[in-house]
Structure formats: C-alpha cells, structure tokens
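Presented as structure tokens, the chain that follows is alone, the form predicted alone.
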Amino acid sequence: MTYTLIIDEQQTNTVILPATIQASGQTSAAFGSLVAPCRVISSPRLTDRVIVAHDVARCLSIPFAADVHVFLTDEVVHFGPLVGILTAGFTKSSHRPVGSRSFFFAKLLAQEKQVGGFAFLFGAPHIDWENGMTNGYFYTERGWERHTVPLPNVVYNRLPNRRIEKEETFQTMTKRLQTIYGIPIFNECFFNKWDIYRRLAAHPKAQSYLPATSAHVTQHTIEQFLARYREAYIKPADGSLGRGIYHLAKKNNAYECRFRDESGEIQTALFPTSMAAWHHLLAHAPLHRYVIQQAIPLLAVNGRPADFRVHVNKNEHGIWQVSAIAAKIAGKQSITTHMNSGGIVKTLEEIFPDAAEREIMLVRLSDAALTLSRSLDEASETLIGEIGFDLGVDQQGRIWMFEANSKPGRSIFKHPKLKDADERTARLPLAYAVHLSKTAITEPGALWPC
C-alpha cells in the first residue's frame, strides 16, 4: 500500500502516521541513507496520508511530496523507497540529460507514480561520498529536475555497455555502495554467454533447453560440431546485437561460412576443408573470447527463421513473471533475427492466428522462460530482477535457449501492439526495487545471510 507523503510547514520535529500502520516505539524517520530523530505519533484521522514536519523533511532531504511506501523497524520509520538507476553518458542538456536514451529513462521514471516511492537517474560523478549524498535527475510533471538526495535504498544497474561497466570507477563505486553502505544492486553486470551456459548446464531443470556449446573454439571443435550438427554459430561470449557472429555449415563436401563484414554486408565464403576455413577466416579472430554453439533448425515464418524474445521480470513480491513476448523474424539472407540485421518483430497473434495454437505456444514459451529464470537465479551470486531471453522453437516443436540478456534491448517494443508490454517492463523493475528495499530494511539477513 502507498501513502501520500505531505510536508507540513506548521508541524516541527514530528511524523504523523495513520493508526493502521501500528507504529510503536519508533524514535526516528529515514529516507534513503539518512536518518533523523523525531517524534512519531499516530492519528486515527489519517487513512492514506503520512505527514512529515518540514524540518524533518529538510533533514532527510525529501525533495517533494509524493506517494510513498512506509516500512517499520524497531526504532525507525522508513519512507520511500529511494531507487537509484545507475547509468553513464550524461550530457550538459537539461532536456536530454542522457542524450537519445533520455526518452527511455523518462518512461521508466514516470512509472514511479504507479509504483510509489522516488526513482532517480545518477552516475558516478553525481555521488558526494564525503556527505553521503547524490545529486540525481528526477523526471517530474515539469520535466527533468535535479535534486540532492541521500544515497538510495536500492540501485538498478542500467549502464549502457560492457566497456563502461568494466571501468575501475564503476567497479569501485558499486563495490563501495554494496559493502560499506549495504545497498543492494540488481542486474549488476552484463551476462557472459559462456558463464550463463555453464551455470544453467549444471541445473537439472534448465539442461534440456540448452544447445550444445563450447568455449574452446578450435579447428578440432569446429570439425566436431559440424560433423555432429552440420551447422554451428561462433559468437563473441561478451557480444550483443548479433555483432561478430559467424554461421558455419557443412554442405556436401564444402564448408560454408557466413558473416557480416565491417560495412554490415552479409558475406558468404566456401572452403574445401575446415582447415581452409579456419586459416582464412578464424585463425586470427580472438576466439578465446568466443563460444561455438549448435545451430538449431528453427520454426519458419513466411520461409524465414524466427525466434522469440521473452522478457521476464521479478514483480513486487520478488516473483518471476513473463512481461512480454514477441517473435523476431530474420531478414532476407540474414544469419540472425536481430533488428539491425533486417529482422522484423511480430506479435504472437500475427504469427499464430489460431487461438488454440497461440495459447499452447504462449504457455510453453512462458514455462521455459520462468524455469530458466528461476534456475539462473538459483545459480547466481548476484541479484537479478530482469532478463531478456532469446528462445527458439525447432521444427519438431522443442524449445531452446540461445541467449540471456541482463540489459535487454527495447527494439521489440517499437511494435505498436506491444505498448502495454512496454509499460509493464518499465514498471516492474521499480516494483521489484520496492520489494528489494523492504527486504533490505526489514529482513537484511534474507539478502545477506551470515
């Protein structure tokens, strides 16, 4: 339940709660990392409002009135939560503080009105470590505004790429937030394909969804994969958007290799032996950072291979749920279904017009994604609240998982019929942040067991 937080200019040193909250013995109020001693009383006249005296609000650096959640510990009343969304690439523009990504973050932050609490955007330069404060970007009815607030209760990592994530500045900052301030961070890092495969392959419920994969890409393993599966993909373990992928196929007595060149054009090369393919194309590639994966003959739509993006989120109870499903159909001659390779997005309704067939596919894809989410969660040492799975259905109807993305892209949501799903995938990370904040405040042992 949320309450409308009102900042009272008449009261001093007091917080007034509805009698239904059942506070008892609390002597302080908290907002983010700040705590201020005050008088805490209850009033039967309040039902859906909490009143904070102006001097208490000032001490806590509460930026403005809003709908909030209230969490109680033995001595403290916590208002919020205060959710920090971590990113990089800030500009000097007050209207577009993160350039072209400003619109995405504005939509995300606007969901705080549905969820309750305060959400803001920040980067490493915006933290004042000496005073434990953050000068963050809030998206309000007036547009983007900057306010100085305490360190947040929880951080949602939306750094734009792996290069920035690996910088020492961010590594040091996230470690300091977690270890010194005890602030949970979810979706802390980009996934590595081999690491995800290794973790899921060890989980009995996930194994059946995984194509054969190896991190040892040599001429010998290429020969083995092509002898067994006839087709395989070689792709960067840390890649995204289909960049740097090779598709290999053994056809008759020749070896075909397809790939996207530096200008983005699909190239096809034929070699008489796997050794020739290896020496001409692959021997000089940084294959120690690649994986080789069994190619799956996919369900085709209008003669073109299709796979499915299944977006899953944890909700306000910390439970995984499917938040969006869309089909991605490969572009002409493309080796993947990515949008930047000419792929197009279709809804399930568009590719399965028969309602019964569509419902069966919806259930099977959802079951697979939820099983994989729970399995990965159990096998991970970090907090995960959102995953974008690329799932395929082969020509016998079996479901396979090709990739899991911890920073899922938004390209499928350009489809006009996925507007509700777009809003849902923006709202649920904030809903999970509320759950995570409450757990960190009231049951810290559940997050960080001794």
Partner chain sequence: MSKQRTMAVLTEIHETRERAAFGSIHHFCEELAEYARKRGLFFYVSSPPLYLEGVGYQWTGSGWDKGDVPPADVVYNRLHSRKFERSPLFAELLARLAEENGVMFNHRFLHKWEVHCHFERHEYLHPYLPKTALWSGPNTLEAFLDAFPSVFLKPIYGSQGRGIFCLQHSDDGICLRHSTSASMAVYRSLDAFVSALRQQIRTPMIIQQGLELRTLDGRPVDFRLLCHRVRHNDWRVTSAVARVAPPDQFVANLARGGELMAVNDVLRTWYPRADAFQQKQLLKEIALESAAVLASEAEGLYGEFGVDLAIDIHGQPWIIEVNTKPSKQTDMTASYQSVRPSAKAIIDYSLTLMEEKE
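Residue numbers count along the first chain shown, from 1. Treat the numbers as computed from the prediction; the structure is a model and nothing was measured.
Below, we turn to the form predicted together with the partner chain, even though it does not appear here.
Mark residue 141 yes when one of its heavy atoms lies within 4.5 Å of a heavy atom of the partner chain in the predicted bound form, and no otherwise. Residue 141: yes, in contact with the partner chain in the predicted bound form.
Would residue 106 show up as a contact with the partner chain in the predicted bound form if we use heavy atoms at 4.5 Å? Yes.
With a cut-off of 4.5 Å between heavy atoms, is residue 416 one of the residues that contacts the partner chain in the predicted bound form? Within the cut-off, so yes.
Tell me, yes or no, whether residue 279 is in contact with the partner chain in the predicted bound form, where a contact means a heavy atom of each within 4.5 Å. It does not: once the partner chain is placed as it appears in the predicted bound form, residue 279 has no heavy atom within 4.5 Å of it.
Please identify the residue among 203, 216, 146, 96 with any heavy atom within 4.5 Å of the partner chain in the predicted bound form. Only one listed residue qualifies here, and that residue is 96.
Just give me the single entry in 275, 212, 164, 110 that has a non-hydrogen atom within 4.5 angstroms of the partner chain in the predicted bound form. Among 275, 212, 164, 110, a heavy atom within 4.5 Å of the partner chain in the predicted bound form occurs only for 110.
Interface stretch in the predicted bound form with the partner chain - options 123-131, 359-367, 336-344, 313-321, non-hydrogen atom within 4.5 Å: The contacting stretch here is 336-344.
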